[in-house]
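Before any questions on how it binds or moves, here is one chain, the form predicted on its own, in C-alpha cells.
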Amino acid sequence: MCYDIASATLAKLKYAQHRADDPEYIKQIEDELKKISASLHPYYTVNGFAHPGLLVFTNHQPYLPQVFSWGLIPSWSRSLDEAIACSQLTINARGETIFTKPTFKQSARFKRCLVYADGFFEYFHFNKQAYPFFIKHPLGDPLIFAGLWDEWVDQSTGVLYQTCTIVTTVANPLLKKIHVKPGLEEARMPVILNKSEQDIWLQTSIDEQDSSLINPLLKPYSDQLLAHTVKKLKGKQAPGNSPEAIMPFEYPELALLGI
C-alpha cells in the first residue's frame, strides 16, 4: 500500500502556503525550498523501495523543509546491513501499531513529520492484471501524509542517515473501490492530514498520553480525492519518470466494470 507516489515537483510552491500563514514564514520556506530543489528531483512516479528523497517537515523543525530518504532506519540499528534490511520493511507504518511496534514506537512518540506529495498510486487487480490509479487533491494541492522519522549514524563511516516512513490506515470508500487485490484482507491508504491536524501531529511528545492525542488522527481521509487510471508503471511501455506517468489513461475492460 502506497509504495508509489508523485512527489514534490515544486512547480507551484504551494507547499509553503500549506505550512504557514505568516508571510514572513512563507518567504523563509519558499527560500529553503528553492535551495533544496537541486537535490529534490521531480518524481512523477517513484517506488518507495528505491528510497527516494521525500519533502518533509519534522516536529523538531516544523517550518524547515528537509529531504529524508523513504524507508525508516531506527536509530538503534547495529550495522549498515541491518539498516538497509530494515529500510526495505519500513516504507509504510500501520497506524494501529506505531505506538507498540519496536521499529516505530520511539518515532511515534518523539519524531513525527509531515510528508508532502503531489499524489500517490494504488492498484486495482482484475483478471490477473494490475491497473494503476493516480490519486490526488481535487484542486491540485499537495497531499500531506502523516509520517515518522529517525536518524541513524553509521559508526563505521560517520555518515548520517535521515529517513522517514508514511503512516497508513484503513481505506476510505474511494480507496476501498480501488485497492482491490485477491487475498487482500483489508484495503489501506495513507493517513492524510488537513491543516488543523498537521499542527497536532507535529506536537512534541512528552508523556504516555500522547497516543490519545494522536490516535484520532489515524483515520480514513474524509475530504474529496480524485482518482484516474494511468498507463502501466512497469514494463516496456511504462512512461517512466515523466509527466505522462500521471496523465489519465483509459482501460476499456475497466469501463465495462464501471471502474
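We number the residues from 1 along the sequence you see. All figures in this text were calculated on a predicted structure; none of them were measured in a lab.
The same protein also has a form predicted together with the DNA, omitted here; what follows describes it.
K.L.:
Going by heavy atoms within 4.5 Å, which of 43 to 51, 193 to 201, 57 to 65, 212 to 220 lines up against the DNA in the predicted complex?
P.N.:
The contacting stretch is 43 to 51.
K.L.:
In the predicted complex, does Ala171 have a heavy atom within 4.5 Å of the DNA?
P.N.:
Although the DNA is absent here, Ala171 would stay clear of it in the predicted complex, with no heavy atoms inside 4.5 Å.
K.L.:
Could you tell me if Gly240 has a non-hydrogen atom within 4.5 Å of the DNA in the predicted complex?
P.N.:
So Gly240 does not count as contacting the DNA.
K.L.:
I'd like to know if His137 sits close to the DNA in the predicted complex, meaning any non-hydrogen atom pair within 4.5 angstroms.
P.N.:
The answer is no: His137 has no heavy atom within 4.5 Å of the DNA.
K.L.:
Looking at the partner-bound form in the predicted complex, is His125 within 4.5 Å of the DNA by any heavy atom?
P.N.:
Judged by the heavy-atom cut-off of 4.5 Å, His125 is in contact with the DNA in the predicted complex.
K.L.:
Which pick from Ala83, Leu143, Ala93, Ile178 sits with a heavy atom within 4.5 Å of the DNA in the predicted complex?
P.N.:
It is Ala93 that has a heavy atom within 4.5 Å of the partner.
K.L.:
Listed by sequence position, which residues of 174 to 197 have a non-hydrogen atom within 4.5 angstroms of the DNA in the predicted complex?
P.N.:
The stretch touches the partner through His179, Lys181, Pro182, Gly183, Leu184, Glu185, Glu186, Arg188.
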